[in-house]
Each structure stands twice: as structure tokens, then as C-alpha cells.
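Next comes just one chain, in C-alpha cells: the form predicted on its own.
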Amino acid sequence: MPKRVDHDLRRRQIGEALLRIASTKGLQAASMREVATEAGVSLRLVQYYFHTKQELLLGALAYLGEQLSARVEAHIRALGLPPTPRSLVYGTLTAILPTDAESRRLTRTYAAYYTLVLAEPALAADHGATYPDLLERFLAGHLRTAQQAGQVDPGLDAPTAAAGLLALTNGLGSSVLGGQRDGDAALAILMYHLDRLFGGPA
């Protein structure tokens, strides 16, 4: 009886191979052949599941988003259940910050995509800033809830504050990857701003 192939698993295997290349070598030099070698499959199989390199890049980007989402959820749970607006904001941003091997890998991989977008504007047109926009809206929504609960200044502009927090976190992440500071120092800066926003440490 022929072996049944799990196509979703095979697509993920190939997509995650691309993400490994992105985190170590960047994406501009990552060929379909190199991805096939990293995944341990044939070039023909990679082309069967992803007809073009751009299709592979976008497919792998979705898997990267899943990995980051899982990390965020774990950080939020670690702050206690049920989650509060404060723990949702703190957990999300501290999960994104590159403070350990996993988060440094995620940050390097996202940085590889950002670098590629600068060189290939068509990729930006296809995937745009969907994930960052969703994240900003997520943070803004919980800041509004915190305002309603009296935990955050009611005069705060939640969308602007959310965009600023995300920009701060991304900038701190770049400073860690660039060697300006280590993860602990970056986390201390982020916590300083979050504590000020929420009126002091929890």
C-alpha cells in the first residue's frame, strides 16, 4: 500500500527550512536549491509545493508568524491566568524582544525579511505590513481596555501609544542584534517604559 503523504507537513518542512536559512544567512542569496538541500528533499519537490521563490517566501512568512504567536501566548500565560490587559501588553512585547536564543532567531529572521523587502518592493506589495498592523491594533485594543479599568491614563491616545511601544521594541531588538546592548539591558529599558505607562511595576 503506498505511503500516504501529509502535504501540510511537507509544506511546513520546506518553509521552515527557508526560515533556518534566513536566520543564519539572510534571504537574498537563498535559492530554491539551497532550501531543498536544507529541507532534505529534492528541488522538484520544493517546486511542486511552491511554484516560485516569492510563493515560498510568503508561505514561510506565515509559519514565522505562527512561531512568534506561540511564543507570545506562552509569555502571556507565564504572567498568570486569566490574562489582564497589562499582562497581554507586557507578555506580547517581552516575547518579541530578543532576550534568548529562540527570540534572537525570530528577530534575525524577521530582519532578513525586512532587508529583502527593501531590495524587492514587489514582496512588500504582496505581504505589506499585515502582521505589524494586526499587532498594533491588538496592543491598542488592550490599552483601551486598561484605560477603561483605570490602569492607564484615560487621556492617552491608544493607537499612537501602541505604535510607539512596538517601534521601541523593534528598535531595542535591532540594538541587541547589532551588539549595542544585551537582551537584559534591552528588557530593562522596555520594562521602564511599560511601568511608566501602567503607573508602576505590577
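We number the residues from 1 along the sequence you see. If you're wondering where the values come from, they're calculated on a predicted model, not measured in any experiment.
Just so it is clear, the following notes concern the form predicted together with a further copy of the same chain, a form of the same protein that is not shown.
Proximity to a further copy of the same chain in the predicted bound form, defined as a heavy atom within 4.5 Å, singles out one entry of S42, T145, T160, Q54, which is T160. Only one of the listed residues (A74, A101, L81, L118) places a non-hydrogen atom within 4.5 angstroms of a further copy of the same chain in the predicted bound form, and that residue is L118. Mapping the unseen interface onto this chain, L58 falls outside it, with no heavy atom inside 4.5 Å of a further copy of the same chain in the predicted bound form.
Within 4.5 Å of any heavy atom of a further copy of the same chain in the predicted bound form lies no heavy atom of A62. Taking the partner from elsewhere, Q67 is found to have every heavy atom lying beyond 4.5 Å of a further copy of the same chain in the predicted bound form. In the predicted bound form, a further copy of the same chain stays beyond 4.5 Å of every heavy atom belonging to A95.
Candidate site formed by V35, V46 and Y48: none of these residues places a non-hydrogen atom within 4.5 angstroms of a further copy of the same chain in the predicted bound form.
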